[in-house]
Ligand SMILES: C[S@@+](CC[C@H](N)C(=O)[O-])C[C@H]1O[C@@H](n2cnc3c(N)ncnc32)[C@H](O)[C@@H]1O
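Encoded as structure tokens, the following chain is the form predicted on its own, with no partner shown.
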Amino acid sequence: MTLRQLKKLTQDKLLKIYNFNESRSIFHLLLDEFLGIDTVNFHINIEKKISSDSLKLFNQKVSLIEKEVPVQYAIGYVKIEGLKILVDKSVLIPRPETIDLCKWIIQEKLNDKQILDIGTGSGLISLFLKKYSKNCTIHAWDNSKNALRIAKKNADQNNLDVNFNNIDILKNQSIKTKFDLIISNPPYINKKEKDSISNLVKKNEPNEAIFVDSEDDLLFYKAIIKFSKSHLNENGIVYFECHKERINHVKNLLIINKFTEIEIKKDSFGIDRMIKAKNYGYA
């Protein structure tokens, strides 16, 4: 089979799930990852023949994607900003807006800070901040032991030191440590909104990391803001990723709790998605 034939065969399969541009992008991603052929070399060698033995793993991945397994889970990892992040169904697939949040945070020129990532999932935020800060101590919590298993693997393979703990922020915690920054991308989709979420997401990604299992959409924000009031150092900062339609409700919660210098920032798609605020200085 030539590369030209492989592309047509693969895209015909992927077009059952994805549009043309998406299927083309996925084909080239798989080709690069599993056959070592980038887009430039594909076009230069488009009539090159590929042996069936070489295609075994490639075809296995295509079969998974045909079964509506997200391409990131099929590959098993994503590469982001110099990090290789393992992903499986225990953790959310990293989104561009979370990278936007990380990039916003490191504009603070982080040096010698105590930083807490609540609901770390794959560990992406913690690892990004560790990689792009100086001498910061990073603590990362999650209530899922399976997620922490993946996060620890990611820390090991990226050779980054993060303190992981199995802690549920919704439960009373006797934590004495104080932090300079607290960051969270918590669940913020109401379970009543499931019908508006892609089946690809609902079938594969951990629903407990997406949906709030409560009538109160702001459950996690309220808990984290309450915790932050007593566990942020004076002039410490809290950062959140938020639902675009509820970010102003989060802003109001921060105002009520006497946080100052509140700032909302758009993500790379132009959507109000991130918010930060400074601790007033009193518990």
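Quick note: we count residues from 1 along the sequence shown, nothing fancier. Source: prediction; values computed, not measured.
What comes next is about the form predicted in complex with the named molecule, which is not displayed.
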Problem set entry | Of Ile167, Leu110, Leu160, Ile75, the one that lies within 4.5 Å of the named molecule in the model of the complex (heavy atoms) | Ile167
Exercise. Quick one: of Leu83, Ile105, Leu92, Val71, which gets a non-hydrogen atom within 4.5 angstroms of the named molecule in the model of the complex?
Worked result: Leu92
Exercise. Can you say which of 75-83, 151-159, 190-198, 121-129 gets within 4.5 Å of the named molecule in the model of the complex, counting heavy atoms only?
Worked result: 121-129
Problem set entry | Contact of Asn143 with the named molecule in the model of the complex (heavy atom, 4.5 Å) | yes
Problem set entry | Interface membership of Cys136, the named molecule in the model of the complex, 4.5 Å heavy atom rule | no
Problem set entry | 4.5 angstroms heavy atom contact with the named molecule in the model of the complex for Tyr239 | no
Exercise. Heavy atom to heavy atom, is Ala209 within 4.5 Å of the named molecule in the model of the complex?
Worked result: yes
